[in-house]
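Only one chain is given next, in structure tokens, and it is the form predicted on its own.
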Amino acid sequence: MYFSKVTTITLLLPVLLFAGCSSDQSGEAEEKDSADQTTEQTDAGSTTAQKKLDEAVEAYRQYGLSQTDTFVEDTSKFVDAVKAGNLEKAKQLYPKARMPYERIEPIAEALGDLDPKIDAREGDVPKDEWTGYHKIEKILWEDNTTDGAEKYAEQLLNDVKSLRAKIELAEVSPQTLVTGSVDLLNEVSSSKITGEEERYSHTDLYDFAANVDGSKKIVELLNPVIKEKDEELASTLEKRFDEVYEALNQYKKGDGYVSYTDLSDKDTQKLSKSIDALAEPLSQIGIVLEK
């Protein structure tokens, strides 16, 4: 576990310093007292940091459960629209129904074959195994119908409910949070910014916003520890997240976002630049937490 490593490093330092001291017995005694005091202080600091990390992990587990509950609820509405043959309603519900999943992808992707069943794009899996949101997306937007999507919608809901059951038992560690915040930004830069994730509906900005939401949530939960160890990094992260949201908000339309095809090359470059500017300080979190 990540924090065990931190504890080991901080406790070894005073011991090593003591080993290099003078042979004078009085001096040794004083230095030993000093080393013991330093060890106790370091140990107390480590215990406090451990407690804060434990709190962050539990809070993230609850966040994952909450988002999955919303995912089940919103997917149910989407599936109802598909099965009822209501094409426009299904298209309207599609991007928002996916957002809770995009916020918790670091957990969801760790749960075996449910991720490809729910979120695989065309070509990610063998053609006869392709199911989930993007299979239905293609039928709704490319074929402009709900015909043929009903069986995939029914399976999607079953898979989403299975995900909810597995999330209940999922193990979350501090490392999950540290890597998860970066992985979510990587999702944006590798597939959302190119427009390939939602290649039929062009609703990529919803996924983009959800990935950023999920990354920001992790940073908020880790922030008590980050702020204690490196206040400047905490301040930089807050500023960079604000800049990403400011860039995204330019493409808001009502309670959603414009089609990704409405963005020019200059627009996508600007978004990409804001993500890159956030990714750099985000990558420093793991290093700072090891201090």
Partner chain sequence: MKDDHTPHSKKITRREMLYRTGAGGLGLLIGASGVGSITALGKTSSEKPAAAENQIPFYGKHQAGIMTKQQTYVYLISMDITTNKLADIRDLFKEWTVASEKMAMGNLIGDYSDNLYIPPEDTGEATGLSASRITFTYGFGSSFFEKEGSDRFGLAAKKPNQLQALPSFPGDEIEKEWTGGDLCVQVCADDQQVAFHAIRNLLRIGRGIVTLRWMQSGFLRSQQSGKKDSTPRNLFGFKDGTVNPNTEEDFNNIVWSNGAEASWMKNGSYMVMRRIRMLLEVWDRTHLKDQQATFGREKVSGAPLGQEKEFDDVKLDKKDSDGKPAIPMDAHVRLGRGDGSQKILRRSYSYSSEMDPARAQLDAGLLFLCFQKDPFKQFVPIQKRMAQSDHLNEYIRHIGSAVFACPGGTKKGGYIGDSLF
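Positions refer to the first chain, counted from 1. These numbers come from a predicted model, not from an experiment.
There is another form of this protein, the form predicted in complex with the partner chain, and it is not shown here; the text below is about that form.
Residues with any non-hydrogen atom within 4.5 angstroms of the partner chain in the model of the complex fall in just one of 170-178, 185-193, 149-157, 204-212: 170-178. If you check the partner chain in the model of the complex, you find no heavy atom from any of Pro95, Glu105 and Lys135 within 4.5 Å. Note on contacts: among Thr70, Asn223, Thr236, Gln50, the single residue with a heavy atom within 4.5 Å of the partner chain in the model of the complex is Thr236. Within 4.5 Å of any heavy atom of the partner chain in the model of the complex lies no heavy atom of Glu55.
Interface membership of Lys229, defined by any non-hydrogen atom within 4.5 Å of the partner chain in the model of the complex, is confirmed. In the model of the complex, the partner chain lies within 4.5 Å of some heavy atom of Arg240.
In the model of the complex, the residues of 261-276 lying within 4.5 Å of the partner chain by at least one heavy atom are, in order, Lys273, Asp276.
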